[in-house]
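So this first bit is one chain, no partners, the form predicted on its own, shown in structure tokens.
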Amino acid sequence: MIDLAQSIVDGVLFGTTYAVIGIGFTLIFGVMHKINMSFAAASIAGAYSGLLVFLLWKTAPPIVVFATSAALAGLIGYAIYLLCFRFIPIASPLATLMSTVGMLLLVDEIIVHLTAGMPLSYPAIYDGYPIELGQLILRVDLLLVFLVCLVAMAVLLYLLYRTRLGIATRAVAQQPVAAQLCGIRLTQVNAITFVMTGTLGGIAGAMIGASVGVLSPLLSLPLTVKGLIVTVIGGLGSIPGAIVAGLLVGAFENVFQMWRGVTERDMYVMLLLFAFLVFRPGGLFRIAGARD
């Protein structure tokens, strides 16, 4: 039971990174009704960009590396919007999907060539002793990752529900034509959405690198799959659903790893997705249908 509780606690703390990745997929889908398959790869690219600062400036504080990762990931997100969405007709959803798949492969190949396909050490967010609560051990680095991702999600929710930018974003998500008639510029809102989600992704990529201790080019595809799983389980377009689903997937993933080992872990996470698709295809927080 102690091992089970330990796995659940560690999984929930690390699951906030999955929640942030899921929010990125969810927000873009909610605003543009399209899926950005290159989002997770851009998040890892942002983390690598922050790592470049660490390699050039050996004494750089970790917070500088993490902030650089977030900022450059936001720029990468904007570049993806320009290349894969801005000039492609809205009536061609398959074209945008395939363009983001191509961007996923391109970003992945760039990372592989620049790093020779080798994992690189990433600065730790905390390298001290863990907290012992009886027989339960609380990793301080995972706790800090949890808090950083929690703050990032709180800031995003504040922007969406307490600012004019958030009102414009929600208006575009609900009725883009009506939003245009009210004077809202769709291209501007879409571009800002990609910058916001890119910044979130950079934070998630940096936190994953900080908790694991390394960055690897092999992270792009698994994170893409996990992000899509979180988006589907939470409910397409639901940000609260993405948060809950990210924590759920993180906990189940760790339990499956303890139960069956790391080689079978992802297989059982996929079975969890299939169970939701069969018994609750709308996800945990399904969006109620509305009349146009």
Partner chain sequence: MDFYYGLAQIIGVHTLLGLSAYMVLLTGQVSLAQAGFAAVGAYVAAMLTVLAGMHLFPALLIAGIAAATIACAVGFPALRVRGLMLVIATLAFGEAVRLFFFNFDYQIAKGEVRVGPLGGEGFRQIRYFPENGWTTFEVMLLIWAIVAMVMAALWWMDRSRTGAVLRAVGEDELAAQSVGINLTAVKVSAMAAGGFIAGLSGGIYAHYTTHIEHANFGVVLATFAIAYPILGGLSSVFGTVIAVVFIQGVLIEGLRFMGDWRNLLFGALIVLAMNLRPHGLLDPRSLAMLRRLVGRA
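Source: prediction; values computed, not measured. Numbering follows the first chain given and starts at 1.
The next section is about a form of this same protein that is not shown, the form predicted in complex with the partner chain.
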Exercise: G102 in contact with the partner chain in the model of the complex, heavy atom 4.5 Å: yes
H113 within 4.5 Å of the partner chain in the model of the complex, heavy atoms: yes
4.5 Å heavy atom contact, F87 to the partner chain in the model of the complex: yes
Contact of L56 with the partner chain in the model of the complex (heavy atom, 4.5 Å): no
Proximity to the partner chain in the model of the complex (heavy atom, within 4.5 Å), stretch among 165-173, 143-151, 92-100, 189-197: 92-100
Single option in V244, A70, V232, V255 placed near the partner chain in the model of the complex, where near means a heavy atom within 4.5 Å: V232
Contacting member of L83, L75, A178, V212, with respect to the partner chain in the model of the complex [4.5 Å, heavy atom]: L83
Every residue of F29, L106 and L277 near the partner chain in the model of the complex, heavy atom within 4.5 Å: yes
Members of 240-278 lying within 4.5 angstroms of the partner chain, judged by heavy atom, in the model of the complex: T263, E264, D266, M267, M270, L273, F274, L277, V278
